[in-house]
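Single chain ahead, by itself, as structure tokens, in the form predicted alone.
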């Protein structure tokens, strides 16, 4: 981003009270400064003094008129460095973050940042974790649809709730995760054994119409274990689609390095299971953390025995 664009974006965000975008622009200014820049250091200290680069879970989001029963605001604990991603996927997300930091420069050319992600992959491949890391990278709260209150047995009510939810968060800077997307947006034609094809079609149409009304301020992340079940019109709505594979020896080694950085002083590389091919990252991490705890407690016992 050119320096004049940075200054204009910062001034505009400050004057409109958009704290999330102020953070994003200041973060971009820090990244664009030369190494050992005094301005970079001063800006970094200023950010830290005002809550850091990342907002709290509910910072800047307004849920009223019953919206709080349809969606949950989720605390985001991990950043992109804690997610196992391909180089291409990581570069795409970083490019997206730059688009949001340069939103005013794009607007000058009648363009907007991309705002619709579709994540596919088996359970445990990291879809939900990536959605949270994306929210943190974009400095936005993460909202997750609560299906327990959204889906009802009354004709037309689910579609009406979807419309209410989407319209209620429109214009607010956030990341909306629609997990298990196939639950809502399966193929319109349905199956021969289904009796709710008409209602399913109405739900699909209601959500597609609502999504079309959203601008770039709401980043929509759809996640599904069964992309083949999605309505074809749904997949066409997404700007970016990623398939997150299960683990291989190479990706498990990357996970090991991530966990080693998170748990310094522990020989994590020795605790990675040998049979990792085709296993979920969540399963591997669970095994490794169990071994880390055993390693720590063995050290405690040894010190007590010699003390």
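Note that the structure is predicted; figures quoted are calculated from it, not measured. Residue numbers count along the first chain shown, from 1.
Missing here is the form predicted together with a small molecule; even so, the following discussion is about that form.
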Heavy atom contact within 4.5 Å of the small molecule in the predicted complex, the stretch among 168-176, 232-240, 79-87, 202-210: 79-87
The small molecule contact at residue 227 in the predicted complex, heavy atom, 4.5 Å: no
Residue 104 within 4.5 Å of the small molecule in the predicted complex, heavy atoms: no
Contact test in the predicted complex: residue 151 vs the small molecule, heavy atoms, 4.5 Å: no
The small molecule contact at residue 141 in the predicted complex, heavy atom, 4.5 Å: no
Partner-contacting position among 92, 163, 129, 183 - heavy atom within 4.5 Å of the small molecule in the predicted complex: 129
Contact residue in the predicted complex, from 214, 96, 122, 74 (heavy atom within 4.5 Å of the small molecule): 122
The small molecule in the predicted complex: contacted by all of 255, 282 and 285, heavy atom 4.5 Å: yes
